[in-house]
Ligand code: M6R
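The chain below stands alone and is given in structure tokens; this is the form predicted on its own.
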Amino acid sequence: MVVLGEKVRCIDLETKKEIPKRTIEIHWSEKSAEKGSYAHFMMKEIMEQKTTIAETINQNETVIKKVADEIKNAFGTYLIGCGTAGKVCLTASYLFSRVAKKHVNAVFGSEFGSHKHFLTKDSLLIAVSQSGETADTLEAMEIAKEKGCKLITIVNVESSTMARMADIVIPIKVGPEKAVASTKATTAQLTVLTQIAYALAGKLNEGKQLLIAAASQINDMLNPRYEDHIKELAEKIKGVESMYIIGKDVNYPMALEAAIKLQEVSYIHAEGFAGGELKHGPIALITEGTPVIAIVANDETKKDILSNAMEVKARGGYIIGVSPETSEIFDYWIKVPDAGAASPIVNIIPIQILAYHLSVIRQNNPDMPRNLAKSVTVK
């Protein structure tokens, strides 16, 4: 950095060239960092999804299309994230395949070092984070930078280290997320990646219309009666030691994410599985009354995942269906909108609510779970 009078210039010490300053406008308000009438930030942030998803759709289309072009022209694209962001990346890999017929690699930041041998200067890395300070993801970006790869980040904190490192930054625009367990940032990240998938297919407007419809349905869904219905379920299962979540296709990573939410704040042992993998081992864990959440989208995967749920029920499992339509297989049904390719966004929200109420009923602090931090800045 060089100071000349009242002017400050930033110089790259290797190239000796001036680094242009990036202007960042922060639109967060003081009110957005307060709980208001809510007992905890986690529930406040869950309910804010009534508006945050719609706001995240409002991206710069030129930037979204540019990222789509970068993916199209890259020699290998890697989606990188940790924890919840890692599950978002895995979901996006299914979306890119389904919507754009394009293969992308989804890798956890902590595991990315094992993939560095495949990188070239024509490779592309897309890093996903809420804070933009996740140590393992930053290390992955450093590895890619050394290889000459282009760096893109999808992030909430635009002044973060990750944003400063990236060639292209896509902000998710959800305001501060203070609860450790990510909720509104998760669905916003999915919203951005869904738009990129549709842009890659040359159908950005179609993707935006899909998301606008989903946002409207979520706004209608998140009401006190809906929350009470899920709270009633939490009371029924509050004493269990283990529970499981199954999904298929784009909703398999959401089963993994649902497990994280339940682990983080309720401290119940929870695991997510691909529905078809149950018969290869996990079904041995099912005993009488074991809660199993089946995430059932109204698409070509519906028949298979209902069949998987039936296998569990036949062994005494208590089936909780998260689906647009009920089924005789379900012991408890949580209705969600029929959102097409946006189903991961709508399906994870009721499980966020369930995790919250289980946490409160079990006298945990959902905002600050034990042993966890909002931003993991150490390896």
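In this text, residue numbers run from 1 along the sequence as written. Note that the structure is predicted; figures quoted are calculated from it, not measured.
The next section is about a form of this same protein that is not shown, the form predicted in complex with this ligand.
Margin query: Only one of 180, 168, 240, 74 gets a heavy atom within 4.5 Å of this ligand in the predicted complex. Which one?
Written below: By the 4.5 Å criterion, the partner-contacting residue is 180.
Check: Using a 4.5 Å cut on heavy atoms, which of 110, 131, 161, 290 is close to this ligand in the predicted complex?
Finding: The residue in contact is 131.
Check: Any chance residue 84 has a heavy atom within 4.5 Å of this ligand in the predicted complex?
Finding: Result yes; residue 84 sits at the interface with this ligand in the predicted complex.
Margin query: My question is simply whether residue 249 lines the interface with this ligand in the predicted complex - judged by any non-hydrogen atom within 4.5 Å.
Written below: Close contact is absent here: in the predicted complex, residue 249 is far from this ligand, nothing within 4.5 Å, heavy atoms only.
Next item on the list: Answer with yes or no whether residue 260 is in contact with this ligand in the predicted complex, where contact means some heavy atom within 4.5 Å.
Entry: Residue-level check for residue 260: yes, a contact with this ligand.
Note to self: Taking 4.5 angstroms as the heavy atom distance cut-off, pick the stretch from 118-126, 96-104, 181-189, 208-216 that is near this ligand in the predicted complex.
What the structure shows: In short, 181-189.
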